[in-house]
Ligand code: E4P
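Shown here is one chain on its own, the form predicted on its own, set out as structure tokens.
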Amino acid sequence: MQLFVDTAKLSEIREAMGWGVVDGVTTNPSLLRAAMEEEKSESLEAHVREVCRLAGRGRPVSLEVMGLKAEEMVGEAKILYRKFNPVARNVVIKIPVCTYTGEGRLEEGLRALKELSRLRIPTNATLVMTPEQALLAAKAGARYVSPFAGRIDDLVRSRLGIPFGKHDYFDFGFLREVAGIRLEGAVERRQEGPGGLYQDGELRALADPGVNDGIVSGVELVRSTVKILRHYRFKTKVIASSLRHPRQVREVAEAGADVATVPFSVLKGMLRHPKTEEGVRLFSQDAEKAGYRELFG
């Protein structure tokens, strides 16, 4: 599995690339705004050029469009690709899979993805919240699809009234276990036949604990997306996105994601463990006592 760093901060990209394990960068307008404010960049264009340069040739950099209509998105994509791809031949254009906000047309994102595929401009279908959206984006020719795992975790927890912080791990396995126990108990208390049980709203709610059309977590969203695209042999790669905890990275890797894109803080968290730190301290102390330095003289 590849790892992308989800940031527009030049300092973080520079350090992450120095680790030798990062394969690309994802950005969005919010990340660019925050990075420019923190790093006091005066020119957005110069900042984006430096992001592409620091990522390096062959390491994809996702840059997002601003428009909401297909023609606007295609036009903006051409400009971004023309301006920034020559820096390191690594630009991928992020297109929202659906730009509908209560008005307008539903399919603008798909139309933009299809046209950019025809033009051979690589795309990353972003804001994917369902496997169905991912399937449509893949059929439209997206090179990548980005299911937003963290935002689905937020949605499920909010609907269930579970308090959480942005970087809290969501133990969806425990939620499924609890829901299964409650469902089994509820079925045992009923006297109806299968037809009556099927129509029981309480039982059906227990069978879908995430209140999200059968997808109980972001990791399950990624797993389902991977399963569908692999089954039909799409070339589209799955970028597990909106990851906020190191354990999520493990779980999307187990689910078969092609890429995990993570904030730099999560990348650092993947390295840390108290027993590793303890072991380093003890080995260092013992090496000093054993006179190890003589070996390197």
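Since we're looking at a predicted model, the values are computed, not measured. Each residue number is its position in the shown sequence, starting from 1.
One more form of this protein exists, namely the form predicted together with the named molecule; it is left out here, but the text below deals with it.
Engineer: Are all three residues T130, D153 and N212 in contact with the named molecule in the predicted complex, where contact means a non-hydrogen atom within 4.5 Å?
Structural biologist: No, none of the three is in contact.
Engineer: Heavy atoms, 4.5 Å, the named molecule in the predicted complex: which of 242-250, 225-233, 265-273, 44-52 makes the cut? Say which one.
Structural biologist: This holds for exactly one stretch, 242-250.
Engineer: If you check in the predicted complex, is K94 within 4.5 Å of the named molecule, heavy atoms only?
Structural biologist: Although the named molecule is absent here, K94 would touch it in the predicted complex, with heavy atoms inside 4.5 Å.
Engineer: Though only this chain appears here, would F148 touch the named molecule in the predicted complex if you measure heavy atom gaps against 4.5 Å?
Structural biologist: Flag for F148 set to yes.
Engineer: Whether R120 contacts the named molecule in the predicted complex should be assessed with a 4.5 Å heavy atom distance threshold; does it?
Structural biologist: So R120 does not count as contacting the named molecule.
Engineer: Does the named molecule get within 4.5 angstroms of any non-hydrogen atom of R189 in the predicted complex?
Structural biologist: R189 lies outside the contact set for the named molecule.
Engineer: Within 1-35, which residues have a heavy atom closer than or equal to 4.5 Å from the named molecule in the predicted complex?
Structural biologist: The stretch 1-35, when checked against the named molecule in the predicted complex, contributes D6, T26, N28 at the 4.5 Å heavy-atom cut-off.
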